[in-house]
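First, one chain by itself: the form predicted on its own, in structure tokens.
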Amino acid sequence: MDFDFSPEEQKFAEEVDAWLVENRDPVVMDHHRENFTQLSDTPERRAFMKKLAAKGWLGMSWPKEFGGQEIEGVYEYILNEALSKHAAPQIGKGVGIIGKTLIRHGNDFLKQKFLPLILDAEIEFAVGYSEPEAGSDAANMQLRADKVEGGWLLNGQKMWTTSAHFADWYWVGARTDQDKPKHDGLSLFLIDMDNPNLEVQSLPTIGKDTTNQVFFDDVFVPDEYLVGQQGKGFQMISEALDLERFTMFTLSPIANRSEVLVDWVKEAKRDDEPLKDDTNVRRTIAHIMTDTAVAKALSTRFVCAAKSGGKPPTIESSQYKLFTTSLSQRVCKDALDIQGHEGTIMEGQDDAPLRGRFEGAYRATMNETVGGGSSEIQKNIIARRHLGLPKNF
């Protein structure tokens, strides 16, 4: 396995990094937003995405007939990691989950309507899989879609839809067949967020950001907005998540936090003694840096599996997601332990170490082990598909 980028890939990485330095904007790029840095939820951040579109960096791996460049997905990985490193919004759900699924499974109407808007950064999507009784187990979703003349009527509720309070369109999974096994009765729809029968209620999170619950009351969806084949929604959801988990949970924030912590430890003192000389602190730092290197290896393994073609890298995706989101939380917790009681001082309060970055980051990481498929779901995938074990969670 070759762990290095090719000369062309390395040249692209350097080009992106230099462009981001040149286009540095503290309003758009803010490390204190933590995992919500990926969202294009403000006018300034949507304007930034238009710049990426003008550079031709959206949809690079898409087929040329749909406006892409047909280059390998590793370029999108490189771009996302660079954006994450600079705390800029990432290319997001439109290019990945929605765009790639429409290219594979969407009808001509949906391709012609949405793919150009995605490439021009003219549209933002919310993704609705989680529900009150289903958690992040997509196969258990119960939002009901009943066939009527010319379309479908949707009734029920979604939970934890992160972008629903600013998105233009809603990518939604719903149960279209109540009698089939739970994996086979789901379908995907695209819904205009301005639909008057759709109610969005915002929910504050422990990570100081906003997610939403969404209520459906006879929401009518025309037939042409059914994505792919009826009843094959779960298969499309799984395929998209397998390909996109490494873009949803990039490694750069963890590496950034580790570097920030190391630099702080080099200068900090406790009881007039340098923290860098404390054996326990040094051991903790060594564990963090070692595990960060392991996460880097897992991400490389994932990318190599994706580049090799064939079936989606399901196992590699789950291993990467499970390990990195857990590591992200551990890095923040270890940082708070090292900082002692001062580590609990929140951002904006006097004497907060590093402006309270790790206190806020630790709360934000609570979302990471749940979003995009919880850690329990990832363990199930690895246990059943890789190790041949029975389902335990």
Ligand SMILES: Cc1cc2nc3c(=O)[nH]c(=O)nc-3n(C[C@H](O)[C@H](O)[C@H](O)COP(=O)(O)OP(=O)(O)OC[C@H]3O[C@@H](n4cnc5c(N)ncnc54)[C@H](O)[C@@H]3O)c2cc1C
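All residue numbers refer to positions in the sequence shown, first residue = 1. If you're wondering where the values come from, they're calculated on a predicted model, not measured in any experiment.
Absent from the display: the form predicted together with this ligand. The rest refers to it.
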So, this ligand superimposed from where it sits in the model of the complex: by the 2.4 Å backbone or C-beta clash rule, 3 or more atoms, this site is blocked
The one residue among F302, F189, Y77, Y129 placing a heavy atom within 4.5 Å of this ligand in the model of the complex is Y129
Among the candidates F323, W160, F166, F114, the residue which, in the model of the complex, approaches this ligand to within 4.5 Å (heavy atoms): W160
With the partner removed from view, which of 280-288, 214-222, 120-128, 144-152 is the stretch that lies within 4.5 Å of this ligand in the model of the complex, judged by heavy atom distances? 120-128
Find out whether any non-hydrogen atom of N367 is located within 4.5 angstroms of this ligand in the model of the complex, and reply yes or no. yes
Contact between T205 and this ligand in the model of the complex at 4.5 Å, heavy atoms? yes
Can you check whether E9 is within 4.5 Å of this ligand in the model of the complex, heavy atom basis? no
Using the partner position in the model of the complex, report whether A383 sits within 4.5 Å of this ligand, counting heavy atoms only. no
Using a 4.5 Å heavy atom cutoff, which residues in 343-379 contact this ligand in the model of the complex? It's fine if the answer is none. N367, V370, G371, G372, G373, S374, E376, I377
